[in-house]
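Read the single chain below, which is given as structure tokens and is the form predicted alone.
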Amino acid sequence: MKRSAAHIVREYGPFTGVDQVHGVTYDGERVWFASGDKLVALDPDSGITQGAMDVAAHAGTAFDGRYLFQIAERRIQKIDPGTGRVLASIPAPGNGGDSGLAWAEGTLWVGEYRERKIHQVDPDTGAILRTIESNRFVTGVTWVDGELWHATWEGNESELRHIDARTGEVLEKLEMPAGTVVSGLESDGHNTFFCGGGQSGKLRAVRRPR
């Protein structure tokens, strides 16, 4: 198992009117982050916010190439990013204890925070297709180039972990600086992870090792 220090390449925020950053996703141009009662869009190049939608946004966020998915307490809502309209919703597998959210392989991947689990979920019905166990609290989930990564936050320590999607075995760890929490995780599809900063109200970009 490889272990190294996370390389933070950029910090964004804190942002006006944002007390916490929860889930994070990326639509190819903008980073979207959940801030409780809003989904905020950010241009990652300029660092300037591009607007916000008034929707419940309490934890993980995902993008399937067309729609946003957002954990709102015990539900996962499918949202039109153009209008902010909620198009559908399914039950969240953790029944309110859910954390990270990602889209891959035509399905949703949902972190269950204190249960230390990652569920693969049918996006139409909410049915759990399979579950991967972790040994740390799960605070973010993302896929990049066929690799499953998840964030942890436990004992005031956070890591980004590349795990075997079949067994849950940890293949690589990126250790965040002491006191730097990760409350949401998304890849840009290339060399960068975007990490929610929890109560710091910040978003951080971390270099993906290659």
Partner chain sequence: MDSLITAAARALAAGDPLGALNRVALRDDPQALALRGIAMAQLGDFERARPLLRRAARSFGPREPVARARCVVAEAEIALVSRDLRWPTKALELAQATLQAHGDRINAAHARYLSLRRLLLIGRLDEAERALASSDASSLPAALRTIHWLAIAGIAMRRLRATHARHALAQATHDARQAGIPALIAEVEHASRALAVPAARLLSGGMQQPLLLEEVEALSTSGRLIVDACRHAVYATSALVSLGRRPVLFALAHALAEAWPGDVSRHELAVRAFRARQVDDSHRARLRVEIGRLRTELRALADVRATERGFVLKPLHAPGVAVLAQPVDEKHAALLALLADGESWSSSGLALALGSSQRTVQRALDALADAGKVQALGRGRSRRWITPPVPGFTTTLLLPAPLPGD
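Note that the structure is predicted; figures quoted are calculated from it, not measured. Numbering follows the first chain given and starts at 1.
Beyond the structure shown, there is the form predicted together with the partner chain, which is absent from this document and is the topic of what follows.
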Hey, with the partner chain in the predicted bound form, do R3, H119 and T167 all fall inside the 4.5 Å heavy atom range? no
Partner-proximal stretch of 40-48, 25-33, 149-157, 61-69 relative to the partner chain in the predicted bound form, 4.5 angstroms, heavy atom: 149-157
Is there a non-hydrogen atom of T83 within 4.5 angstroms of a non-hydrogen atom of the partner chain in the predicted bound form? no
State yes or no: in the predicted bound form, is some non-hydrogen atom of E73 no more than 4.5 angstroms from a non-hydrogen atom of the partner chain? yes
Is the gap between R204 and the partner chain in the predicted bound form 4.5 Å or less for some heavy atom pair? yes
Is N191 a contact residue for the partner chain in the predicted bound form, using a 4.5 Å heavy atom cut-off? no
Across 172-206, which residues bring a heavy atom to within 4.5 Å of the partner chain in the predicted bound form? G179, T180, V181, G197, Q199, S200, R204
